[in-house]
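Take a look at this single chain, the form predicted on its own, given in structure tokens.
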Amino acid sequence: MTDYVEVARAEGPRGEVVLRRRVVERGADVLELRVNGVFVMDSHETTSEVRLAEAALAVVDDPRDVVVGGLGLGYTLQAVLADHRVEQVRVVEVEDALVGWMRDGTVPHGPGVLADRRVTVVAADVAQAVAEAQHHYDLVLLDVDNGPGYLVHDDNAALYGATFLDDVRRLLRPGGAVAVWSADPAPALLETLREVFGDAEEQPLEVTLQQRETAYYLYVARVEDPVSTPVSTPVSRP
């Protein structure tokens, strides 16, 4: 039987966010994040978060400016920052408590990750942040759920719909891309991305979890043609 110790808990308008600790093999402590009772991620197996970032970064030639939707425990952000091409990362996280735990060291590696001068953290709903953005980006990386079939919040269903994805398309520079992570195949998401962007692809990511081979899925759509990405105000690089 696994013993859990609650590290931190917060209640908000979207429900409950819990950080708890458990012990795995060799007595190592593992942090586990749960939202409304749903397992989100832990610090023991971070392969999928790293692969998500690496695969997403690989589809953009020059990912200087990146948006990461969903902070989690910071492992996707950490992998994005490991790419020397990245100059700015805007992280959008809806749970204020989680941002606080990362900043104050409740998540031990959090302060070091957020101290990177390239990082800006926005405590907001990602749909609102994208709709109100005044800057254009090279890559938008979405990891706010375990995919459209495993929503952390019911309202997140809109993040996989045409209206939000069209906002993302308008946010991207020519040559930019959006990458969406999913624990299972998501054919409806693939079709919606194709409708909005003109084309999209599913990339299975093979990972080993607890000595078991499995696959997660990355859904990628690119802005290839400048004409297909209308902007109200041209944005130039510094």
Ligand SMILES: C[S@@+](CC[C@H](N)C(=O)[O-])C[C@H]1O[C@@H](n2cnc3c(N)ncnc32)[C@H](O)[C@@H]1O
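Computed from a prediction, not measured in an experiment: that's the story for all the values here. The numbering used is simple: start at 1 and walk along the sequence shown.
The same protein also has a form predicted together with the ligand, omitted here; what follows describes it.
### Task
Name the residue from 107, 165, 126, 86 that puts a heavy atom within 4.5 Å of the ligand in the predicted complex.
Contact with the ligand in the predicted complex is made by 126 alone.
### Task
Select from the listed residues 57, 40, 196, 31 the one whose heavy atoms reach within 4.5 Å of the ligand in the predicted complex.
Contact residue from the list: 40.
### Message
Please determine whether residue 139 contacts the ligand in the predicted complex, using a 4.5 Å cut-off between heavy atoms.
### Response
Contact check for residue 139: no, nothing within 4.5 Å of the ligand in the predicted complex.
### Task
Answer with yes or no whether residue 70 is in contact with the ligand in the predicted complex, where contact means some heavy atom within 4.5 Å.
Yes, contact at 4.5 Å.
### Query
Using heavy atoms and a 4.5 Å limit, would one call residue 65 a contact residue for the ligand in the predicted complex?
No.
### Message
Check residue 205 for me: does it contact the ligand in the predicted complex (non-hydrogen atoms, 4.5 angstroms)?
### Response
Because no heavy atom of residue 205 falls inside 4.5 Å of the ligand in the predicted complex, the answer is no.
### Query
Heavy atom within 4.5 Å of the ligand in the predicted complex: which residues of 153-179 qualify?
Residues within 4.5 Å: 153, 156, 159.
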